[in-house]
Ligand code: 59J
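Next up: a single chain in structure tokens, the form predicted on its own.
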Amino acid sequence: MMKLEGALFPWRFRLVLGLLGVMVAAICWRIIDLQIVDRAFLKGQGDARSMRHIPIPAHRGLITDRNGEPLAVSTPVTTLWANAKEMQFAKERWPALAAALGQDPKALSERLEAQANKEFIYLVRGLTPEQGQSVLDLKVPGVYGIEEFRRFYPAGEVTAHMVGFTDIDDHGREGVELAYDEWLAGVPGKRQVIKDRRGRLIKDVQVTKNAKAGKPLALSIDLRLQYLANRELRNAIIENGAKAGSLVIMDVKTGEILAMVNQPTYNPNNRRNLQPAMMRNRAMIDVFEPGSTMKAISMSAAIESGRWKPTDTVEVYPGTLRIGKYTIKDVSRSEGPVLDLTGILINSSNVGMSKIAFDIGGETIFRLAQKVGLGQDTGLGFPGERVGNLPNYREWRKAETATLSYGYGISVTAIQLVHAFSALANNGRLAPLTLIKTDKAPQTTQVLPEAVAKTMQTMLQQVIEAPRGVFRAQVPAYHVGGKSGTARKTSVGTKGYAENSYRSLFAGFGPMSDPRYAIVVVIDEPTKAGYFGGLVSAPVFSKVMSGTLRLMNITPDNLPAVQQANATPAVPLKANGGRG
């Protein structure tokens, strides 16, 4: 019977055998193909399920001051992460983990339960290597560590506005850290490892790409001067009950910023209670009307024009000048009805300066202000830096000409103002500003004739040393020059100026034998002893300039004459109640 059925349908039997044979041949060929011909496929698939590349963090570049003192350093830290899925099988270990992390056990449990389906969550970041290792030693299933770097700022709040800070991922977010982020960041590397299906490390295979450390950066600031400036500015803010302040020290020969401080400030190492206003680098961001400090620039323009010389006189009586519906007033009573050009600066006469400006024209003052950098881009590339405003008119009417000459209707920053005064100090040559230490002489630009600049140096020295000068700006053992200023603050949201709201300013340089350092002091809204620049900001200038010249080993140029050995002994004077 079986023989008969087989004979009836032989083709079906052969077909089935043939199909089975083809299938076996296909399988055999596929095995040969995968194992011999195309081995890379299986190897790649296997590696994809077990081979991993983990990043090797790059060491961020060191930031130092000009003398090599560290301002921003990277320290190794450990970041702990967890595979929440894996941790669900070891819930009994969660309380011990919470205790080691210093976290609330209930809060940690709720967090792990809420993210139970995630294979990667951060537990804590930025632990010291010792703290991180103590947690990893618990060997809680699903808990792993990553090596990272954290930025630390040794000088803290003293250099906060200049240096800035990085975020938790070590990317620059403020200051130099942001401006030079690409230079400092470096390039992360890669390490090849083998992990099991639960993400546990089985074998460290090799380093496939070495991490490239970030490049170091030497700033132009001198940390000694930075501490000095910060201390004196902070004391002045407290003594005068002021809202804020800025101070900048500049090397007029090289264009380097040697110190730049602001108050209020913050600690970049601990930003938990940081207020946004504290982060403002006011020296570069806050714009203001320069007030009477602008008279030094306007007077330079007058002398450069050739129409005026220091001995020329101007009638300033009765201390007011009517222009249409506006009245220009002198704040203080002058020495007399007529003043020479130096007297106008010493007495800070708005009337005298306005009359000179009418003669030379507003365009003349505008051109020089533009040349010395007022209302212009400084080229520093600092994040958030403001340019200010230097107005130019098709027709310079008397009102616009007068206000520009004594520092109103124009807005500048402290860094621009110190740059402008550096041109007067450097015999009319303007060096480009820099925040980076430079070892070679920069290419300067002659923006003012040397003779005019030296004339202005003599006049500005008299502004401080003359009997009616700003004596609070005097520096013991040194001759210095400068100009005070007081500017009313504009009201926010409305036109015009706010009541009893002023900025006190002082801009100067020294020593006069060979001017090297320019300093600008800005005190915002002093409320206690007064608000005039000669009263509030001048003493700060005196203290900072004195400390700067001594720290930089500058030879005194105003020492009293040495008495002869046989000279008559001096008789001690009795106290006479003079102000000294």
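Start at 1 with the first residue shown and count on from there. No experiment lies behind these values; they were computed from the predicted model shown.
Unshown form predicted in complex with this ligand; subsequent notes refer to it.
For the three marked residues, K295, S348 and K483, a heavy atom of each sits within 4.5 Å of this ligand in the predicted bound form. Under a 4.5 angstroms non-hydrogen atom cutoff, this ligand in the predicted bound form has Y326 among its neighbouring residues.
Residue contact with this ligand in the predicted bound form: S491 places no heavy atom within 4.5 Å of it.
Residue contact check for Y497: one or more of its heavy atoms lie within 4.5 Å of this ligand in the predicted bound form. Taking the partner from elsewhere, G534 is found to have a heavy atom lying within 4.5 Å of this ligand in the predicted bound form. Just one of Y502, Y153, F366, Y478 comes within 4.5 Å of this ligand in the predicted bound form, counting any heavy atom, and that one is Y502.
The listed set A441, V331, A451, A277 contains one residue whose heavy atoms approach this ligand in the predicted bound form to within 4.5 Å, identified as V331.
Note on the interface: of 483 to 491, 302 to 310, 72 to 80, 88 to 96, the segment with non-hydrogen atoms within 4.5 angstroms of this ligand in the predicted bound form is 483 to 491. For the stretch 393 to 412, the set of residues having any non-hydrogen atom within 4.5 angstroms of this ligand in the predicted bound form comprises T403, Y406, Y408, in sequence order.
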